[in-house]
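One chain is shown next in structure tokens, namely the form predicted alone.
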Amino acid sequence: MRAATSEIWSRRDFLKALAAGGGVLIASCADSDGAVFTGRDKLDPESWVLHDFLWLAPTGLVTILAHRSEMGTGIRTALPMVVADEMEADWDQVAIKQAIGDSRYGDQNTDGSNSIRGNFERMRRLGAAARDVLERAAAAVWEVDVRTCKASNHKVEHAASGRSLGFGELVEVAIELKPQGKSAIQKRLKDRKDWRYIGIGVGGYDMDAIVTGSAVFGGDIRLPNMLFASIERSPVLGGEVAKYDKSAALAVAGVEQVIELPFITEEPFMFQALGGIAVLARDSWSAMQGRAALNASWKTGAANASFSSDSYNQAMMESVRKPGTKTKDRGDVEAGLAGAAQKVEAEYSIPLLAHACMETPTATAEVTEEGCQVWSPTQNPQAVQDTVAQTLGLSKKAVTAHVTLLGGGFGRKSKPDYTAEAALLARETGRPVQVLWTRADDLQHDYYHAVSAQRMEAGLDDQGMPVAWLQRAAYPSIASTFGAGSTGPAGFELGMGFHNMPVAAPAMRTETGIAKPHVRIGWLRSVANIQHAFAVSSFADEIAAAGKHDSYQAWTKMLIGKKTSGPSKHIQRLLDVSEAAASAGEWGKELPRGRGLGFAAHHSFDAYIAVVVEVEISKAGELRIPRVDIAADVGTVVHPDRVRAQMEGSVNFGLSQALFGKLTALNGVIEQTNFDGFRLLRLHEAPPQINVHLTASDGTPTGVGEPGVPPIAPALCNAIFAAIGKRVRDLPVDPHDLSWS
């Protein structure tokens, strides 16, 4: 395992290093035809400098720029690993540098489980282009047919003569060669059987630094003459300050300034700084103590001050008990329900959820005549550029967004409101400023996963299978963060397992109800799939119980329906992982009362996931989860160890949400301020056995980081029913009475 580097390269640093080393640059263009270019002639024009992904020095060192953010997924290792494989580079001679934010790298947003999905082929072409140049360079040196030259493990060999040249030895000739276009490079991609790292993996590039504590996260940034800032914000979204005691804050030792940031009082709130009273000090503790002395009071306004969880949740549930806006309508649902041999109804709810990353939002900014530099643990450095530029009235090119390691992200850190705060304060003070969010800030001013309500109705035939299916959902939309007037789910959210659910009922209708936002809504790991999968997989289990069927067998029948031509490839992949999970989880084994197995499956981010959860519940209602089996079809597996780690993490993340996750609001204020109120899964509560089963697939890589989450909650709740006969339809599980006799 290599020692990690914490360096973050700017354009200027990169050019200086190239000039000193005489390296050849192999760059990937983000233009429409996806052509790959190489050569020294591309170093001088400004338009090419920030497209640089790969640098080969005469020493043989290959430097690959990571354009995505590392937050524990291993992406800063996996994408360069793909390049190194196609290039035939020796991993021990590869260095990885973190790229700054710039649109010339293409999409840098490490979100939506899209880093491998969206960049696998692109990175393969980059590596293949490097290999192609080096083989042609060797052929030119030896004056032989290039087809007789083959790159292998950091050198090019000529088998007929027994000659070889190391990659570094070929730099001088490679510089002079013209690149081949995308179509030619596409033909040079390696066969699967020749992959050296893809499908096998390498050691995590950052692991040593993370384990030894030398890794650089957002809060580790230190600049000369830097101030630390803690900000008191309105407890109600859209509020503004009424009064505060500035002199009391300034009287705290170490405090140097108190600055009032402009308040944003109307939607859309987007990624803007919310506004507040910032206390700036020579150290973070003094800043927080000074903030506590402010004794601020607030004008909360009427728009969101009435938001209280109990009444809001009840209103949403009432909205799904009556007809709503149709989003899918197939067959005659009313006739199917009216003529059914049996009818099943259920209502499900999920509360407001926070991201609660281990590392809270933090950002450091410095503003000079040349522009603004920002250092932050961001999932989206280009959004940082956009937001800071708009906040300060600068051009985007005047903002340099440096990316540190992230102590968790889950979608929260793609929203750079905290970087805007740091930029505003740095401009105002004329000094570097680091903004640090407390855990209370993090929980009370998040971009939350929306509270949701769903109502399900199904009419069953005499075989206990659905002939009619009605589903209604209400929840505030992420779209409300970007545009005013949103009153319910957006189309992209409904496409996450709602109106595209795989159940093959002859008649089906989906509808949405009214739900206005009162807090900032954002994407959280697996987004709207969370509530949709919970409702669909829980209801499928209820249908199975009503029809006196085995729940796994009933699920497979509901997927296939009455088709005689066989399932589609999409359904077959879902069936395959379902079978894999059921087999691995020993589905059908005899268990005593108080123990049970629960099954759930879901498709999201192009991936197919099925889960079997085993529970043990004491008569007093104490719950234990001894084992979880999760089967995944994620297409081509690029880095097996990281895929397994992501699935294991998804299990614990999903269980944490399902068991304990809940935020509440009273008069517009989020009531929880730390982990004593917003509970997370603790070590002794985590399953001692999590088995990950990766099904063989030669399909294109799918998402990995998010799709393991959605089926966890329904599988858990289905297991609880199997164990003690009690249904949990309202999450979290923790408040429910699970005792039995």
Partner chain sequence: MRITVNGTAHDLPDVDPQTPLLWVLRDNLQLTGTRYGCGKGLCGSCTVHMDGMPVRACQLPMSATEGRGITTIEGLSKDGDHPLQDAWREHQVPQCGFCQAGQLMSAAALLEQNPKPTDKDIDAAMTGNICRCGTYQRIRAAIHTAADAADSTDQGDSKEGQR
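Positions refer to the first chain, counted from 1. Keep in mind that this is a model prediction, so the values were computed, not measured.
Below, we turn to the form predicted together with the partner chain, even though it does not appear here.
- Shown alone, this chain has one stretch from 305-313, 599-607, 101-109, 352-360 that lies within 4.5 Å of the partner chain in the predicted bound form by heavy atoms: 352-360.
- The closest heavy atom approach of Ser656 to the partner chain in the predicted bound form falls within 4.5 Å.
- At a distance threshold of 4.5 angstroms between non-hydrogen atoms, Ser284 is in contact with the partner chain in the predicted bound form.
- Although the partner is absent here, Ile514 sits far enough away that none of its heavy atoms falls within 4.5 Å of the partner chain in the predicted bound form.
- Using a 4.5 angstroms threshold between heavy atoms, Pro687 counts as touching the partner chain in the predicted bound form.
- The candidate site formed by Ser113, Ser152 and Asp698 is entirely out of contact with the partner chain in the predicted bound form, as no residue has a non-hydrogen atom within 4.5 angstroms of it.
- A heavy atom within 4.5 Å of the partner chain in the predicted bound form is found for one listed residue only; from Pro179, Gly275, Gly407, Gly488, this is Gly407.
- Checking Gly204, Gly238, Gly547, Pro432 against the partner chain in the predicted bound form, a heavy atom within 4.5 Å turns up for just one residue: Gly204.
- Taking the partner chain as positioned in the predicted bound form, the residues of 430-447 that bring a heavy atom within 4.5 Å of it are, in sequence order, Leu436, Trp437, Thr438, Arg439.
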